[in-house]
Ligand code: BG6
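Here we start with a single chain on its own, the form predicted alone, put down as structure tokens.
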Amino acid sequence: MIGVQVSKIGITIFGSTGDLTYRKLMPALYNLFSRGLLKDNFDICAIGRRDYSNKDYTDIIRSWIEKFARLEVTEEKLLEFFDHINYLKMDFTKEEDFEVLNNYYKNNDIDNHLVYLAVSPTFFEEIAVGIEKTNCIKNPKIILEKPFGDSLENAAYLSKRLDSVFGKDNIYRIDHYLGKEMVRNILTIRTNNHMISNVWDKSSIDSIHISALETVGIDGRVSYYDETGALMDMVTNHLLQILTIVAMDDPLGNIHEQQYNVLKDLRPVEDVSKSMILGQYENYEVVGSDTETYAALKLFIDNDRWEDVPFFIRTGKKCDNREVEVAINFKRKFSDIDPDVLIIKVQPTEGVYLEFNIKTPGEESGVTRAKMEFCQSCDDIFRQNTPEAYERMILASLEGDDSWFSKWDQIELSWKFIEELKRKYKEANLPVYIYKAGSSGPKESNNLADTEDQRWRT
């Protein structure tokens, strides 16, 4: 719960007319307000270049909140929420316009700030310079959206620049996957179940699969995605972050330190053709581009817990199903009997599933598969009472809790690792394989798997 403040809490959003703000940030803020976690002493300053009045802006976000808010949207509560929103027209690429923002803060008695940079990283430095030179925001917490730059060199420069202006402890680099309920649940499953915690290592686990597949293509994100690709869009941040949560050695220890240690010990297969396969769906929107829309990786972690256990990562667009899940494949007890599998489903279904072997009912011998299921998102009560990722992350930043935000040293390690893999892939003259839309990806990705697990094979 947010405590009582002497002055207003100012939540400033650069990029307030963008899709992220409409779909995620405003619905999340409405949910926090409805839950009573934002008291009356808060102010949302929505910054944009368009010539909107407050009513113009709230009329626009109304439909987005009604569609995407987790909690019930009533007219009374919506109007109360709108009373805290002020649209401010300014061009944040012009230094002089920050005086407009400075005056706004003074007139509204705001000096406790959360600033959300829901804009391209190309604007991060301009905003930082404008704030620094006009001194319009004192000690703000800054939330950054990925990507954190368009190259490792650029990202490192921006990180140092923002740290110098705002202080590194005030930078919150958001990876919304770390706000998802079932990703958070991984640590609880590991630490609060004796039968699981005792087998969470190489002695019992054969392989771990992390999948993030989508049925849609790149839609309206052509300019962004063609510069980024599946590796930078999904693997470098979201999926490597999930891998660190699954693999960290001490789930009760310092999360950042544990994640960093996993990334430090991560290694690919020496032969890059056996460690990574890239693909692109047929009729990709940019003719002649070799940008990957699919990536499959086989990786290892060089520490005592995970020695020789393969971690398979797979992500792709225009695939045959939509899923984000982690599958823990245990070692076979007998070569002709399927292994036990623990599946943690992150989205669209949220839940935990355990597949194991039982005697075939009605027979004297024979083995068949059984499944125990906990579907969290199937229960209305659980679904309604579970905060969305952005809701959870915004609240954490307001409370100064950075434990589930990405640190630069983690991002840098992840970036370097993937950049090195991409370099080796290119030097080996490996192609970006074409796959049919609606399939499970390029058949060549089967070459990475030395297992018959059907979750991997295309």
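These numbers were taken from a predicted model, which means no experiment stands behind them. The numbering used is simple: start at 1 and walk along the sequence shown.
This protein has a second form, the form predicted in complex with the ligand, left out of what is shown; the following refers to that one.
- Per the 4.5 Å heavy atom criterion, the ligand in the predicted bound form is contacted by stretch 216 to 224, the sole one of 108 to 116, 216 to 224, 73 to 81, 282 to 290.
- In the predicted bound form, the ligand lies farther than 4.5 Å from every heavy atom of residue 318.
- In the predicted bound form, the ligand sits within 4.5 Å of a heavy atom of residue 347.
- When the ligand is considered in the predicted bound form, residue 322 lines it closely, a heavy atom lying within 4.5 Å.
- Proximity of residue 177 to the ligand in the predicted bound form falls within the 4.5 Å heavy atom cutoff.
- Put simply, of 234, 352, 263, 246 only one has a heavy atom within 4.5 Å of the ligand in the predicted bound form, and it is 234.
- Residue-level contacts in the predicted bound form: of 209, 305, 298, 146, one residue has a heavy atom within 4.5 Å of the ligand, and it is 146.
- Counting a residue when any of its non-hydrogen atoms is within 4.5 Å of the ligand in the predicted bound form, the one hit in 12 to 31 is 24.
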